[in-house]
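Okay, so here's just one chain, in structure tokens, the form predicted on its own.
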């Protein structure tokens, strides 16, 4: 399942427009904050899909019957670009477990690249809902590889993928490999370059949020 939140004419479409804008991109703090705000709104939307239970809460004046989450999700993100959205998700799921994965594009001399994962920190995920964030779904290769690594840690119950911008080709690839995933997109673009960059996209989310990096 794919949900394009810009189709709902929500605030998310405003924030995505700022993420794309070359003039607004000169302010890395605003770029990070827009990723964070998208994460917050998507967290709220995902919360509507999660199982809940009734719980008696003692107040100063009596007993309240409340609905609370049946269990906390695990929030996973791909370093470093995913940290902004992860923060937004964690602002709402503030008792969730957290997983961090260092997936990145390792470039070859001929211009091609492969996805390399050299580090993962992960809590127990058996029978858990996993929410995996990454600002961009371009080819989808890094997400699929990250999910494969997560599966090696346990059999999660369901997975939600959160991105600011997804590319049609990458989304289709992810759903072929992980057909039961739910993908939440701030917006969706149709074009991708031969080097795997989304057009019009927004550029390199990690560089815009945290500064330019060396290529390895």
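Positions refer to the first chain, counted from 1. All values reported here derive from a predicted model rather than from experimental measurement.
Separately, the form predicted together with uracil (URA) exists; it is not shown, and the next lines address it.
Residue (of 83, 96, 130, 138) lying close to uracil (URA) in the predicted bound form, criterion heavy atoms within 4.5 Å | Of the candidates 83, 96, 130, 138, 138 is the one lying within 4.5 Å of uracil (URA) in the predicted bound form.
In the predicted bound form, does residue 204 have a heavy atom within 4.5 Å of uracil (URA)?
-> Close contact exists here: in the predicted bound form, residue 204 approaches uracil (URA) to within 4.5 Å, heavy atoms only.
Though only this chain appears here, would residue 198 touch uracil (URA) in the predicted bound form if you measure heavy atom gaps against 4.5 Å?
-> Residue 198: contacts uracil (URA) in the predicted bound form.
Using a 4.5 Å heavy atom cut-off, indicate which stretch of 68 to 76, 130 to 138, 114 to 122, 88 to 96 touches uracil (URA) in the predicted bound form.
-> Every other range fails; the passing one is 130 to 138.
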